[in-house]
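There is one chain below, alone, in structure tokens, taken in the form predicted on its own.
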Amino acid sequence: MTDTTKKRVFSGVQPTGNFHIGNYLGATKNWVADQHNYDNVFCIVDLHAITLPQDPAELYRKSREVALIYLACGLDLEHCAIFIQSHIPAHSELTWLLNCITPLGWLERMTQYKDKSAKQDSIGTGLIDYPVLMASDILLYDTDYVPVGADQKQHIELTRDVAQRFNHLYGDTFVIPQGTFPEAGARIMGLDVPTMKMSKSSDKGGHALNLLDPPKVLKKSIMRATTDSLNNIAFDLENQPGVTNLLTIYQTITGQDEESIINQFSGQGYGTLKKQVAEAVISTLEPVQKRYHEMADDPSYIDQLLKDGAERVRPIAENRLRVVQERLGLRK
């Protein structure tokens, strides 16, 4: 599958919760726009998902839903491989090998581990080991660039540290990846609480704009979005987070600059702003939803797609794993 003249991009999404407008504007839309420029590997990270309890049937269904959403958003299989993480055993095998050279203190400092473990009475080992699995995902494919949200910066830094440590101990083995962080639309906030990032895991009505929500639901959620009593339309994150969030969604969809948007809404009320945002969101998601439902009618299609994707990337992963095993003295 690989084009050795192009840099490789790797990214993954957990098959949990609901894929929302923030995921699309902050990640998938950019992948689609740039896919012709890179050798792309997109993974559905189901092994990461099970670091927290999951319903097995729902996990299976969501894994396939994410793959269909990728395609519906415009990813082209001529330029991308799409596969499920657990279908490539090398991810798990490399994780164990990297565990053995990763200091525990590095993992205990991870902010996401601290946050998630504080919310549970008991945690599994997989939760603290999550960043090493993420490092394995990335390093298996000689990845050059990893497009992620700002909340993943610490994990990318750990991936780089692990790769550099292994290279220092056992010789040049891994490409040192770079994280890339989108500027516009990187942090779409919740419509109900605009000071908190829009969450895939929230099932609270009016919080998120899910990609598969019907137009009526999308419009209702936007019209109910939290604003303020200032009656002023401005990009003012500190004083007007709700209005700024709506403007950010509109800006990322339309591609307009801030000045043009402010001029457009000058003298208008919040109702007009919300209606325009709703129209932009609905028109953007309409073709995505149409393509999704057309493909979802054929379950055999997605199963074959995922099988083909795994076959395309398996040689890359197994070759890198073999080199690591040789460097560690596990095989000749």
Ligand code: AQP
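None of these values were measured; they are calculated from a predicted model. From 1 onward, residues are counted along the sequence shown.
What follows is about the form predicted together with adenosine-5'-tetraphosphate (AQP), which we do not show.
- The contact with adenosine-5'-tetraphosphate (AQP) in the predicted complex, taken as any heavy atom within 4.5 Å, belongs to K197 out of H87, K219, K197, R165.
- This chain is drawn without adenosine-5'-tetraphosphate (AQP); in the predicted complex, the residue among T244, Q152, T226, Q256 with a heavy atom within 4.5 Å of it is Q152.
- Not one of K6, T173 and R320 places a heavy atom within 4.5 Å of adenosine-5'-tetraphosphate (AQP) in the predicted complex.
- Here the chain stands alone, but in the predicted complex its contact with adenosine-5'-tetraphosphate (AQP), taken as any heavy atom within 4.5 Å, falls in 26-34 among 26-34, 262-270, 57-65, 290-298.
- Within 4.5 Å of any heavy atom of adenosine-5'-tetraphosphate (AQP) in the predicted complex lies no heavy atom of R160.
- Not displayed here, adenosine-5'-tetraphosphate (AQP) is approached by V13 to within 4.5 Å at the level of heavy atoms in the predicted complex.
- At a distance threshold of 4.5 angstroms between non-hydrogen atoms, H79 is out of contact with adenosine-5'-tetraphosphate (AQP) in the predicted complex.
- In the predicted complex, G309 stays away from adenosine-5'-tetraphosphate (AQP), with no heavy atom inside 4.5 Å.
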